[in-house]
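Let us start with two forms of the same protein chain, each given on its own as structure tokens and named structure 1 and structure 2.
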Structure 1
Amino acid sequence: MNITWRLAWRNLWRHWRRTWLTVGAMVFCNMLLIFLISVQLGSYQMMIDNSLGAFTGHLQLQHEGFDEEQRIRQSMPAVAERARQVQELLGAEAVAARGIAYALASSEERSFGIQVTGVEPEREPRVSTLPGLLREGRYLSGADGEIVVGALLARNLRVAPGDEITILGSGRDGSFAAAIATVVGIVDSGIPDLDRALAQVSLPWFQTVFSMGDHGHSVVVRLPNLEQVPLAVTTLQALRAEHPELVVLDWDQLQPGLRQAIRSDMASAWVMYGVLILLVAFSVLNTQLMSVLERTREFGVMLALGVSPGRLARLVGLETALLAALGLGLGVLLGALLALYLQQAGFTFPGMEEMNARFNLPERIYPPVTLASLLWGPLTVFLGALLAAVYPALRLFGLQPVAAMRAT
């Protein structure tokens, strides 16, 4: 250890109470940032799972152009077999085929436009949380003529389980599609746009009513986590060699607004984090400025002995770096212990368990422990502390040796 390092370390402990107070502020700030960022990332994970689990899944295999145009003729043949093929390729259990059409639904009193979705009743619960959000009745059994509708659609049509709905639409071949379905269940997802038009029937019956043959419109895949999405997309791209009309869409393409919402929330959160970091930086600035002012005579003697102002400035900068490193190390250590505990035990706040149970979600947030959550905030605090040392260090360049030695 050279003389500059030794001087910097010893200077820190001239006023050990002040040093520990400053380090304590940095440690508290770092722990708080690690906690907040970890919980924030965990809430994003829950938000993504909630949004994707409701209907879209993590990725879908579709006919090219169907996602934008939603035309019934933009279908893929042998959709159920294609779903089994995707399941085999990915080694995933949560894979299901769907068909989608738009129709007019009429009850005895009212008529409304709906999106009729043909699903595989035994597989749909694996890719969607909607079957678990039934408010009344039961889910589809696979029998012909059964329909599950959204809560707002049921209210608008004034129907309940056991009532009949007439469906009028257009078949894939341009023919007239008409059928009568019996309501067996009502889903309340809490998403108004979805509950207003949701109508699910069994896929074989859907294919019969809308003259689809064995065609369908999408194969939905739900994966254990987002990290597996890129590899799954790459794997499914191999199907395009045999079927160039098919495309693989990941969750970002299926729900582009979701990532934008996360970015907006993160930007607003960093405004609050920035205020916290700024307060810590001013604390470091105050500590170092007081240290420089107290040692004015000492610095004057060193300048008179031939020490350059640049070397003194580096000494002050090194003292600040050591101070910030202490705060960084202790803050990350204690913050990591807190984050690891929360990852195992989970985190909740009053009312969250009831709210999540209503949407078929986990009762607690389990914040992920990643390098980003552990280092993102503390490193920003570290850089802020180093910047805070610039002003005290620059003051040394204006010192005159004789005047400094006469300072009281």
Structure 2
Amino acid sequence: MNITWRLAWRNLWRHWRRTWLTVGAMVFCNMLLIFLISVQLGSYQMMIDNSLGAFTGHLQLQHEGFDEEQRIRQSMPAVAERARQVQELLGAEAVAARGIAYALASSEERSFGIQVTGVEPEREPRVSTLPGLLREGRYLSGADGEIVVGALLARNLRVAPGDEITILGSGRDGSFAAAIATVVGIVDSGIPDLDRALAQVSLPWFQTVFSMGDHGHSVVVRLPNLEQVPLAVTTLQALRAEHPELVVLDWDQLQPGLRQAIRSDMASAWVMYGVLILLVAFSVLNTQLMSVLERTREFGVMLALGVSPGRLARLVGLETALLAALGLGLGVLLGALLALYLQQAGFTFPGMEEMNARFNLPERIYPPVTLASLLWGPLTVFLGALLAAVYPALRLFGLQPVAAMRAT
């Protein structure tokens, strides 16, 4: 080992209690950051999965303009075929076609505006969690004349499985669309907006009722994770060569509020982490300043021998880097153990279970252990510690050898 490294390492242990205290502060801070960041990232992941999984999926193929205007005429022909094509292009399992129309639903007693969605009953459960959230009855079998409605809508219309609903609207060609459907199931998603308007029928019947021919409004894709979205979007852009009227929308465009909500939550979390890191950086600053001040004579002798202040500053920098590396190594090690445990055992805080149950979220978070959640915090602490050494190191440049050697 180089003498400078040996010197730095041994200097660290001249006050071993002080060094361990500082390392301990860094380790504690690193573990806390790993815990907080992995729970945070885990809950974002859960939030995204749940809100995308409910209905919108990770990306959709639509007619241009449909997302904003939702006009029935903004449809794509041969929607089921298109869905099979997308499935092949992406090699993805979870792809389904949908048709969407707005209509008036009436029971014997009341009428309400609804969004009728025509779905492929055997494929829909792969892209959406709604079919799995039935409170009563069963999901669509594929037969004509069946409808599944949201829990709030069912309550508003005062219908139960077996009851009939009249649907009135206008078809794609502007003609009058009317049908009678029998309620077969009631979905309770926990999301009031969905439960109030949700009404699903099978796609072929939807196409008949609304004079759609083979048209539909979207092809929905659900991917195993968010990381695959950009590539899938690029792949699907190829379809536009043949069908320039189609657009590919990713989850961010489909649910613009989601990323925004995550961003602002992150911003407030980073402020808290920043304060934590600042505290640790000050503890390092304090330690290193003390260690520099108490060695004034020693540094004076070294300066007198002709060692440059820059080299002494680098020595202090190296000492700090070693100190910070200890904090980083131990912190990441212990933090990783903690994170791995949480990944297995899950994590919940008081009140979370009730809240999550209401929104149909899992009761516990199982924060995934990622390189980002393990390293982001500790590396920032490491950099903060190095920055904290700048001031003590700069003091060395002001040292005069003669004066420093006279210091007591």
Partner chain sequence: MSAIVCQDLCKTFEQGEQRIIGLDRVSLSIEAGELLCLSGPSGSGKTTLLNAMGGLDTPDSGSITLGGRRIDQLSRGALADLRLREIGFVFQAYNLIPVLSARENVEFVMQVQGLAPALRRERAAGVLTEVGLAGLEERRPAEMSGGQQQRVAVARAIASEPQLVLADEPTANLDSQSATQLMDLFQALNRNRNVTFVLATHDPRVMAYARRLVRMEDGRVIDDVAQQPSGRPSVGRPSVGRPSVGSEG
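Take the two forms, find the largest set of C-alpha atoms that superpose within 1.5 Å, and that set is the rigid core. When a residue number appears, read it as a position in the sequence of structure 1, where counting begins at 1. Keep in mind that what you see is a predicted model, and the values were worked out from it rather than measured.
Legend: structure 1 corresponds to the form predicted on its own, while structure 2 does not. In the core-superposed comparison between the two structures, the C-alpha atom of L32 has shifted by less than 2 angstroms. Put the two forms on the same core and the Cα of E298 is off by 2 Å or more between the two structures. The rotation of the smaller rigid part against the larger one between the two structures comes to 15 degrees. After superposition on the rigid core, the Cα atom of F397 is displaced by 8.2 Å between the two structures. Here the two forms are laid over each other by their core, and the C-alpha of A388 is off by 4.6 Å between the two structures.
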